[in-house]
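Here's a solo chain for you in structure tokens, the form predicted on its own.
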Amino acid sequence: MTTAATFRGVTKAYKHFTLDHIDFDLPSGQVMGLIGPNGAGKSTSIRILMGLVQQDAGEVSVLGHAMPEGQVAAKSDIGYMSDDLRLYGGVSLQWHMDFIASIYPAWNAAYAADLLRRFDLKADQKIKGMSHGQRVKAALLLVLARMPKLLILDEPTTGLDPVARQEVLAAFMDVMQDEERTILFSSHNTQDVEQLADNVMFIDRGQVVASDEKESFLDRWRRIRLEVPEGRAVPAIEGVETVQASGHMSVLTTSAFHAGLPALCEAAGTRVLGVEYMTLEEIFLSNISASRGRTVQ
């Protein structure tokens, strides 16, 4: 499998924050969801990936180019969009389209026209007259119609109403029909990532907490509800990440569920009341809770 981007031991230290030895591979033709709370290191990682910030240590490769040295060559095939991307308010969307087309030879006018229709945008409308959702969709149009090999999307759906958000997510999914396209999707909205991503990486306090294929996360994580009689204890089972107890009731989460696990709980004298699948958000929160608990210890 080829990779569109690679981090090896990437470190960046600021006065009050350190990105600490980050390692990951972004497979070509797939979507990686980068999930973390505010201040976790998502944007710092993206800035390093873009060559906007130079790492203190480690190696970064993007589309075959070492960064930041090769950023000029890499950026011709990178489309970047963030929640604070600004367009010129006093001119029209058409002006922006013409400007981008004059810079990027791969600009696809037919695709841009299709996105105009689907996003319900008017090419002659000035940016300052658009709603927030319309401005986000306009920025997305300008990025997508360039036909980049790598899309880097930093919190792109922040502040969108549900209808606009679904339109934007639908456009992302259309883009991924081209297997040569790769997306790094940074968000704290796990629902968006769960809908789009092939691979997921959790980041917190400048460190990678967990990284895996999305389906693997969803398949192996479970919540198990137990009744624990007097004199019994929640069994020590490999893969258990968190345990919450209230009276005789306990809820444990495991990252290594298998068909025989409920029987192990029963054999230890507890009664299994239910086994539940977990959402990506619940898995993320359990990872963060377990990781911070290990750090405190």
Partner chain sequence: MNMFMVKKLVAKDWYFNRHILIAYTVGGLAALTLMFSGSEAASAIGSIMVVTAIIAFGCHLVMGTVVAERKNQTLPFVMSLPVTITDYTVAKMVANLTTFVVPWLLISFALMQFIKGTDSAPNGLIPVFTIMLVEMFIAYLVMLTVALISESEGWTIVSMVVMNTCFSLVFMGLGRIDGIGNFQNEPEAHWTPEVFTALGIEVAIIAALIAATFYFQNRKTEFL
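Quick caveat: nothing in here was measured; it's all calculated off a predicted structure. Residue numbers count along the first chain shown, from 1.
The same protein also exists as the form predicted in complex with the partner chain; that form is not shown, yet it is the one meant from here on.
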{"query": "Candidate site 248, 290 and 292: all three near the partner chain in the predicted complex by heavy atom within 4.5 Å", "finding": "no"}
{"query": "Option touching the partner chain, based on a heavy atom within 4.5 Å in the predicted complex, out of 113, 91, 121, 176", "finding": "91"}
{"query": "Answer option from 218, 170, 100, 106, heavy atom within 4.5 Å of the partner chain in the predicted complex", "finding": "100"}
{"query": "In the predicted complex, segment of 70 to 78, 181 to 189, 161 to 169, 219 to 227 with a heavy atom within 4.5 Å of the partner chain", "finding": "70 to 78"}
{"query": "Proximity of residue 128 to the partner chain in the predicted complex, heavy atoms at 4.5 Å", "finding": "no"}
{"query": "Any non-hydrogen atom of residue 54 within 4.5 angstroms of the partner chain in the predicted complex", "finding": "yes"}
{"query": "Non-hydrogen atom contact residue 205 with the partner chain in the predicted complex at 4.5 angstroms", "finding": "no"}
{"query": "Residue 96: touches the partner chain in the predicted complex, heavy atom cutoff 4.5 angstroms", "finding": "yes"}
{"query": "Neighbours of the partner chain in the predicted complex among 6 to 20 [non-hydrogen atom within 4.5 angstroms]", "finding": "12, 14"}
